[in-house]
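Listed next as structure tokens is one chain, alone, in the form predicted on its own.
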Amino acid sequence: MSITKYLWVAIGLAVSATALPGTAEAQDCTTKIGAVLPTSVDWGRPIAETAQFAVDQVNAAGGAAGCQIEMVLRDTQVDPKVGVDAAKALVDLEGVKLLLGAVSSGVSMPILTSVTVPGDVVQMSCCSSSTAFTKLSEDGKTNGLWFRTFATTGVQSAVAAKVAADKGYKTVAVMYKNDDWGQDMARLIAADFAAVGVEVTASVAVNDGQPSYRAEVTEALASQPESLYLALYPAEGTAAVREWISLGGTQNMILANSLKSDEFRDNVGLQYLGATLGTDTASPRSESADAFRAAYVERFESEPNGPGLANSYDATMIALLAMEAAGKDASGSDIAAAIAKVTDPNGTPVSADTAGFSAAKDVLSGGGTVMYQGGTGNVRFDKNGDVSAPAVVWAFSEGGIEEVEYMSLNDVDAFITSLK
């Protein structure tokens, strides 16, 4: 059974799930939640499927706040305008008080500022990492409605600098996606690489949908850098690297997690990626992370190797736990406030599955709090809705993705501190 067997027949139509056999019966009411995710791209579909997996498990436990959950999915196409239109439809027409997504920071930001904050809707992102959201929260402009289960770009930038230093690179060219996320990465990379003695010889913005990236690649190549850092998505990343290799660019490449993709590996060619290393945030070495992996493999018969899968699961499960804690007909602000009750470090530990959700219901109904333990560990949000995370250095292999180095949360925090 392949992961594609779980794809929905029509992306953009409502996706609903009923209780699984042998579990709690479906309720006589349904609550809709929204999801704005890039289902039209290969690496985006599993992120959406993983969110639906969490919804299925919650419905098997009898739903949240007394109702079955229906996830209404819309495709963002990784396009800000499309994403905003999709989010507006979910909020204005479907009446959702919770929105999952988006993936790209450049899509999540306009949704947050023009749709969810004005509409008092909780926005829980699995995969948007720009530090611009932290600044927006610090300025009091998110109304406490923004949360993300993915660590900020600062983690990836710092780990990339460590990779460059460990490899002994002295110079690097940077090519980045010309959006909020890419611009944030480029700014952080410049500072972090400088801190470890690696000179950024060129920093080149890349726009979507161009017929050719030869001009950008030529600009990056002009300084003859010893290595190349890429903060791009698979489509433009593939095109840029093909140009880079064809023009004689080095194969010493460092990749952001957005290129942790079989699509990118296969379209570029593994023979050109032997000296390439990537970075990503990672699940902790914990029982809850192992349990998520086992459940994912059982459901999809493949490893959760793609970007953002554990983060998507945790974002969905935490949001639905908060809906349970807030109660039926809760406002977006109520749901946001309840997130602290389900990620309480002093609360009752609950697992990330149907049994865990059922246990959480009992604790919450008695006035207690719970400590959610999921695919990314014991998730903790700070006052800005941010999380920190362990990290991993990875490489492409014949079988997919191979771990090269794991950095614990303490390791990551210590290295980031050393940069400053």
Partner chain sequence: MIQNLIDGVLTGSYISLGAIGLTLVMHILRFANFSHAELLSLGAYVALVCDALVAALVPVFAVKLAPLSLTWALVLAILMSMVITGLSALLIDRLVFKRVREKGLELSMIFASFGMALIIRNVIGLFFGLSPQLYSRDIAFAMVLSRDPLLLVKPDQIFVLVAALLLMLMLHLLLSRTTFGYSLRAVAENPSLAQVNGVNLHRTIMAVWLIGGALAAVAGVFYGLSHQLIPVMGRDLLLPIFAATIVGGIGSVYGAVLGGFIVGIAGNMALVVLPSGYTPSVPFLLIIVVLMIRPHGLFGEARA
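The term rigid core refers to the most C-alpha atoms you can superpose between the two forms while keeping them within 1.5 Å. Positions refer to the first chain, counted from 1. Everything numeric here is computed off the predicted structure, so don't read it as measured data.
Not pictured, yet referred to below: the form predicted together with the partner chain.
Exercise for the section: Would you mind picking out the stretch of 327-335, 313-321, 342-350, 267-275 that comes within 4.5 angstroms of the partner chain in the predicted complex, counting non-hydrogen atoms? Expected result: This holds for exactly one stretch, 267-275.
Practice task
Give a yes or no on whether every one of Cys127, Glu303 and Thr354 sits within 4.5 angstroms of the partner chain in the predicted complex by heavy atom.
Solution key: Result no, not one residue of the spot touches the partner chain.
Problem - Interface membership of Gln373, the partner chain in the predicted complex, 4.5 Å heavy atom rule - result: Residue-level check for Gln373: no, no contact with the partner chain.
Practice task
Check whether Ser223 has any heavy atom within 4.5 Å of a heavy atom of the partner chain in the predicted complex, and answer yes or no.
Solution key: No, Ser223 sits far enough from the partner chain in the predicted complex that none of its heavy atoms falls within 4.5 Å.
Exercise for the section: Would you check, heavy atoms only and a 4.5 Å threshold, whether Ala295 touches the partner chain in the predicted complex? Expected result: No, no contact at 4.5 Å.
Handout entry: Residue contact check: Thr201 to the partner chain in the predicted complex, 4.5 Å heavy atom
Key = No - in the predicted complex, heavy atoms of Thr201 and the partner chain never come within 4.5 Å of each other.
Handout entry: Partner contacts in the predicted complex for 226-254 (non-hydrogen atom within 4.5 angstroms of the partner chain)
Key = The stretch touches the partner through Ala235, Thr238, Ala239, Arg242, Glu243, Ile245, Ser246, Leu247.
Handout entry: Core-superposed comparison between the shown form and the other one, Asp179 Cα displacement 2 Å or beyond
Key = Superposed on the core, Asp179 moves its C-alpha 2 Å or more between the shown form and the other one.
Practice task
Answer yes if the CA of Ala132 moves 2 Å or more between the shown form and the other one after aligning the rigid core, and no otherwise.
Solution key: No, because once the rigid core is superposed, the C-alpha of Ala132 moves less than 2 Å between the shown form and the other one.
Problem - C-alpha of Tyr272 moved at least 2 Å between the shown form and the other one on rigid core - result: Yes, because once the rigid core is superposed, the C-alpha of Tyr272 moves 2 Å or more between the shown form and the other one.
Problem - Ala352 and Ser261, C-alpha gap in the predicted complex relative to this structure (3 Å or more) - result: Relative to this form, closer in the predicted complex.
Handout entry: Closer or farther in the predicted complex: C-alpha pair Pro38, Glu263 (3 angstroms or more)
Key = Compared with the shown chain, Pro38-Glu263 is farther in the predicted complex.
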